[in-house]
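Coming up is one lone chain in structure tokens, specifically the form predicted on its own.
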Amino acid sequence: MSGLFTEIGAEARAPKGLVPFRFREVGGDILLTNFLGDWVFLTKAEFGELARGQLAQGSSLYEKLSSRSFVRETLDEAKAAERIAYKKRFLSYGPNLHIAVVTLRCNETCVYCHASRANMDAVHTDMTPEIGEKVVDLMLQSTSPAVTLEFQGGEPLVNFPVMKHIIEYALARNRAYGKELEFTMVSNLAMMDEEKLAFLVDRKVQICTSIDGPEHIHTKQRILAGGNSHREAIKWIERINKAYIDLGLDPTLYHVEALLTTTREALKYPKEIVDTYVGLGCRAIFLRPVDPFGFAGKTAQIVEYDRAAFLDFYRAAVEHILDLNRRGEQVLERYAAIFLTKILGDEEPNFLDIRSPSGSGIGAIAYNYDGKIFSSDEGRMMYESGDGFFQIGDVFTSTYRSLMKHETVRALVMASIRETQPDCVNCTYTPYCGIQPEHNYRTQGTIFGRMRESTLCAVHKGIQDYLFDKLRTNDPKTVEILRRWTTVRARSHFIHASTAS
């Protein structure tokens, strides 16, 4: 870009009659985005015309910019206001995701453990039924009409009796609130049995697990004492998926969700990891880089890597996913789907780490086993590492109102508004991106962070560069696949639509 402006030199003129826009070179063309999230590619020659103030009304360049809401005099302001309000409608909800850590105990040892697991004899880290009830009482006070209670650990199946009690209590209490209520559980599945599965399926609990790729990677990174962590996970994924089929549910929509944590070892196997997920019937793969929280901070010399290497891995994996789609396999990459949903339309997928402001406190709340409350699960992880910065209350003394008005929550909101960040305010990807203040705090010591030095920013920017280059190339089959990834199919079976009584 600097070369282009050097070439224009003294001929440069501020463009007139345009709405504010940001620009970035992608694949040899110039990408322009505006505050509505509309975008357009210009050739360097076209951008040169713009930079010289040569935009003539009625020209092909004028018409191109006008059709994408870049020309001030043709912009429908009322419609623009409606679009912005629609994109930001999540601000009216209140926290919809409530994470309950029912124990820190875990039967597996993972090289990148984010949760700061405790040994199996650490029974003092089990949530009690009384604390579980108070979690539910606070959750149901959320102003969100729909709430999800997510069970995490440690390994939540270690404290299954309390988890069962919390679910039954929530179903009973919700009769007074009438919210759309969902349950999810994140488990390594190694302690699953038929009795537990029957309860979880009957109470419509969504089940999510972790798969690190082929068996030799998974078992190396996730140690199950006296067993094989990969075989246990695979066995139960297949069993649970069969249970959904037996209920008559569509297996393309109802199946165990699995998450990948991309370690340094995993970078070598982009295709093998994708094929592992497809072989398990997964229709979505979330290619996440390793987080710096929990034990991962202590094992960074083993699991961490340069983010340029991650982006090489990401592009190789997604190219393979695109090839599978071209051959008729319906599978998507979750990071890409989140960004594409915002890039290709006005929908906001409400993924809490990639929105503005972020979901810290106002979109999600995390409840520790001991009743302490945090603005996010990452904030709770920081507490387990010895830093209580993100604690905003406890279930014994806090009210819902005090949590929402907590000074930490307000600071997190301010810190995660893109337009307040010195680097983000001029970034071409501002309309689609998000800031995770906990990541900034963990890696840079401040919730506001310095985006140009942020590894998470590097990942977000690299993925959007890749996606926009695909859109620039405009191969019809590829664009059709990318558009299909933005389609949302609701899994209504998992919703407890209680009527208040």
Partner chain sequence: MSFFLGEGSVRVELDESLYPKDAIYGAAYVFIDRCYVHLDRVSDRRVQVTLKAKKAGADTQALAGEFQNELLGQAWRRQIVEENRQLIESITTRALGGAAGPPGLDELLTMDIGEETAFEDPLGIAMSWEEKYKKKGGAKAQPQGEAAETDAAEGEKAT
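Numbering follows the first chain given and starts at 1. This one's a predicted model, so the numbers in the text were calculated from it and none came from an experiment.
Just so you know, the form predicted together with its partner chain exists too; it's not on screen, but the next bit is about it.
In the predicted complex, at least one heavy atom of Tyr177 sits within 4.5 Å of its partner chain.
Although the partner is absent here, Thr341 sits far enough away that none of its heavy atoms falls within 4.5 Å of its partner chain in the predicted complex. Residue contact with its partner chain in the predicted complex: Phe199 places no heavy atom within 4.5 Å of it.
In the predicted complex, its partner chain sits beyond 4.5 Å of every heavy atom of Met139. This chain appears without its partner; in the predicted complex, the one residue of Ser385, Asn228, Thr143, Thr128 with a heavy atom within 4.5 Å of its partner chain is Thr143.
This chain appears without its partner; in the predicted complex, the one residue of Pro431, Pro349, Gly393, Gly94 with a heavy atom within 4.5 Å of its partner chain is Gly94. Of the candidate stretches 258-266, 213-221, 315-323, 416-424, only 416-424 has residues with heavy atoms within 4.5 Å of its partner chain in the predicted complex. In the predicted complex, the residues of 397-420 lying within 4.5 Å of its partner chain by at least one heavy atom are, in order, Thr399, Tyr400, Arg401, Met404, Lys405, Val409, Arg410, Val413, Met414, Ile417, Glu419, Thr420.
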